[in-house]
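Single chain ahead, written as structure tokens, the form predicted on its own.
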Amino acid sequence: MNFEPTEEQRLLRESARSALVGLCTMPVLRKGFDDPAKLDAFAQALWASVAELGWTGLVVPEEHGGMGLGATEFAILHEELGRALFTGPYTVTAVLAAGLLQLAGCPASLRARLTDIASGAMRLALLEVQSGERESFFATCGHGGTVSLGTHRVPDAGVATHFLLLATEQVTSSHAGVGRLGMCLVDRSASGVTVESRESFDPTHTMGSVTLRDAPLDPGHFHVTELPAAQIARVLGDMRLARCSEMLGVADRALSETVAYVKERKQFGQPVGSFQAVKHKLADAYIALENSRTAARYAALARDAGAADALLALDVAEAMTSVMGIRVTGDCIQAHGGMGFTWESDMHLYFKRARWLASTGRGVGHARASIASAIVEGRVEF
């Protein structure tokens, strides 16, 4: 498997990095920290810009106005989004929703919304239905009508035009079993939908409490299906892969800025980067970053190639990048000394984004358990 990016992939990375330098700047992000409405307004303006660049249609098929690219490309783009601390519901809309709407059996009315995703007209925030609400939700999605759910904390709720309500469950227990998936789209402006702003751990993302009380479902915009569990896992895994790639960008940017800082900051007449305690810690951080980058890139290539170990590779990537991101950004704070702990330093923002990303996946424990199960069941060859 060739890990070297193609010429088109290199151009995507270069163009994305160049564009984000001007679009998503730290001073503008900081202006929204004390006022979520300002940050939401900035995220909406930012969304319009990335839609013009065609990024919202990256994985949408060409017949729906997209580019029809694969996991390797959205992984590359997410690294750059992480470097810029991009704000907005890009991953949920352009990766997760775009993938779900291409699943087998998805009705034409839902699949048609791919055009709205590609054009940037639709911004989706994810509301995952909890276990106690699933049965009633599946019944609602199977027959339409209205949906009622308790209050959920939803990232980027203030930016969304619609909410993607999603529920999955395993129907059979075997690895190659069947899963049930239910999803629907709810217009944020519909009756029965309440959104209240909440404080977010990551100040570069806004958070909202969303409550649904007899919120109407648009006709044809709901769906329940049973599919091979592995097929559902692959689509849901695309968001996990995107988060892993974003973590790489966050850690890479934090480490790059820290290396530049320790080269300039002097103590006892010497750059602090020349001290063993500092340079060895940053060298270890670099090794951890590169090892995680290799794991994430293999996971993306395996996903595109339809490799048998694609899901296992994703578990490995998630386990590695989650631990790495928190460790590297934390070490970068330490390398900045007392300045790293101040509000004026950007290092705490990278650390908080890393912590937030690590909390949005299935978790390190779940990923490691999946890897262990694959070994015990003989699905891994050494």
Partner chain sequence: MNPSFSAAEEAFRQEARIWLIESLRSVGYDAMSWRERLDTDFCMRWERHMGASGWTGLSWPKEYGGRALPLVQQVIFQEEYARAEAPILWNSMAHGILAPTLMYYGTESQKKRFLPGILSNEERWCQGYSEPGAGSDLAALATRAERISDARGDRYVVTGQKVWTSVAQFAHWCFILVRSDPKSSRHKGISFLLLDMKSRGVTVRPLRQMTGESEFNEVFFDGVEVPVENRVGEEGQGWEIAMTAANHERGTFFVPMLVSMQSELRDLVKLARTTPSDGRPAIEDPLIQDKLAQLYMDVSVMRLNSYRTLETLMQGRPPGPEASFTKLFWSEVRQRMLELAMDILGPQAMLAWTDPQAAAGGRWQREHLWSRAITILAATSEIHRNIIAERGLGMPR
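Quantities reported herein were computed from a predicted structural model and do not represent experimental measurements. Residue numbers count along the first chain shown, from 1.
The next section is about a form of this same protein that is not shown, the form predicted in complex with its partner chain.
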Its partner chain in the predicted bound form: contacting segment from 182-190, 305-313, 118-126, 67-75, heavy atom within 4.5 Å: 305-313
Non-hydrogen atom within 4.5 angstroms of its partner chain in the predicted bound form for each of E199, V328 and K352: no
G273: touches its partner chain in the predicted bound form, heavy atom cutoff 4.5 angstroms: yes
is_contact(E290, its partner chain) in the predicted bound form, heavy atom dist at most 4.5 Å: yes
In the predicted bound form, I371 touching its partner chain (heavy atom, 4.5 Å): yes
K263 within 4.5 Å of its partner chain in the predicted bound form, heavy atoms: yes
Of A295, L96, L217, A157, the one that lies within 4.5 Å of its partner chain in the predicted bound form (heavy atoms): A295
Interface residue in the predicted bound form among R153, H280, H143, R213, criterion: non-hydrogen atom within 4.5 angstroms of its partner chain: H280
